[in-house]
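In structure tokens, one chain follows: the form predicted alone.
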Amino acid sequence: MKTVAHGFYQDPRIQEAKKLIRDAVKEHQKKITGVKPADPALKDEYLATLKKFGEQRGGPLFYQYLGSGIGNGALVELADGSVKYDFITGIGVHYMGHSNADVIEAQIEGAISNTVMNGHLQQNSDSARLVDLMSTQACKYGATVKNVFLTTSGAMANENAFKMIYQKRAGAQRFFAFEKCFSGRTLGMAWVTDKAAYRQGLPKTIDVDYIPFYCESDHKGSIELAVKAMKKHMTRFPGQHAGIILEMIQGENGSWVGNTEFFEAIIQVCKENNVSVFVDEVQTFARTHELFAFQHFKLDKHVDIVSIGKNSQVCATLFNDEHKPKPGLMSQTFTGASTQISASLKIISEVVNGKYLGKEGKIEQCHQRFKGNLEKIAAKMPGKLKGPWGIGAMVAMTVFEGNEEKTKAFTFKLFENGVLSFMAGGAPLARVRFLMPIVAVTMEDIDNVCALIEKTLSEME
């Protein structure tokens, strides 16, 4: 027997409607072919809207960016009629590019669902399918983080992980984190993120001891330094460390990449002292050679809890049986809209089943193309560009020796010239970072973006 819903979704009128929308999207996408300046006739209205929006939200937007509602792969149209390359993808959520027909169709299927928002008491069967997909992929190489709790943001996924760990290690109040890490901006995560400006005026919520991150130029020394720092804190606060949050590639700090041996040494100290190992993958999910960065670094047997977000659309906390929460600890009114959940299934399935992962996959191919182009620019302009750094879909570079003011000016000039990027890190070394829309991006897109980077550098003193 079939459900009424099955017949509804298979109704020829629904199928025809989806086809018509898909055809319309593709037809209008063809009009977006490359970088384009704003339409002068739209300028005044656009700037007035931006000004009012900034006032009403309590502060201006970082860029003068309001999307029109359509794009074409790596290209996105703004409401002023301009077209730009989106190489920061909304800090990483447009993995499939803009106006992807498959994602739009998935969202339509979610939009016509009776359940608008899935939550604690009511969830559609798509939630079960998504949880199964996430769990299966996370445990692919032997990890035990088979349990999945969906949530609406990466910061909340991290908050939930902290709650589980504190409950598991009841009595221990402290946490380890890496220097210059970013974990979110909730009241709790603001005290984990290693940036004082993000918690100015806020009451203290979590005691965090910071340890230095991996330094590629001092492999052995950085391992010894991190382990020594951990043991020193443990001596000062015996039995008080509940867990450690591992950001394996520091995105907000400029795409600094960790190392397997470095992480193994740290985890060994944790295991010897009953400290839970929590990997923050909100930034890194689907951006390395493997779906999860902990898989890329071959740490499957070590992880207790993992958080994911951004590319996954619906965020989640994955955890092993030892960290299952007691009744009452975890509950949310909303764990995700049906449109998000449907889109998440589509995106993760595409990454898993397409030719994106592995050392020969598209992620690595795009990284090498971007890296090679930037290295050529650096050779021509050694005083203006250095690098690049990063891994997979995450690429960063230093301009003007990392001067924070000039780096910010560069990102604005690059935006004006047609490329969305973002500034990472800060004094004494700021970087420009990129997050490629891997599914949509082409080698020609990467070449075009690099040409605009070179143009922008040439225009700046």
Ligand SMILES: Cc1ncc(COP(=O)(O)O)c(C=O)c1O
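Remember, predicted model here, so these are calculated numbers, not experimental data. Note that residue numbering follows the sequence shown and begins at 1.
Form predicted in complex with this ligand: not shown, discussed below.
Taking any heavy atom pair closer than or equal to 4.5 Å as contact, tell me whether Val282 reaches this ligand in the predicted bound form. Because a heavy atom of Val282 falls inside 4.5 Å of this ligand in the predicted bound form, the answer is yes.
Indicate whether Gly184 is a 4.5 Å heavy atom neighbour of this ligand in the predicted bound form. Because a heavy atom of Gly184 falls inside 4.5 Å of this ligand in the predicted bound form, the answer is yes.
In the predicted bound form, is there a heavy atom of this ligand that lies within 4.5 Å of any heavy atom of Gly154, even though the partner is absent here? Taking the distances in the predicted bound form, the answer for Gly154 is yes, it comes within 4.5 Å of this ligand.
Taking heavy atoms only, is Ser255 within 4.5 angstroms of this ligand in the predicted bound form? No, Ser255 stays farther than 4.5 Å from this ligand in the predicted bound form.
Only one of 111-119, 203-211, 245-253, 361-369 gets a heavy atom within 4.5 Å of this ligand in the predicted bound form; which is it? This holds for exactly one stretch, 245-253.
Tell me, which of Ser312, Thr89, Ser342, Asn158 has a heavy atom within 4.5 angstroms of this ligand in the predicted bound form? When this ligand is considered in the predicted bound form, the option within 4.5 Å is Asn158.
Go through 219-242 residue by residue and record those having a heavy atom within 4.5 Å of this ligand in the predicted bound form; state none if no residue qualifies. Not one residue comes within 4.5 Å of the partner.
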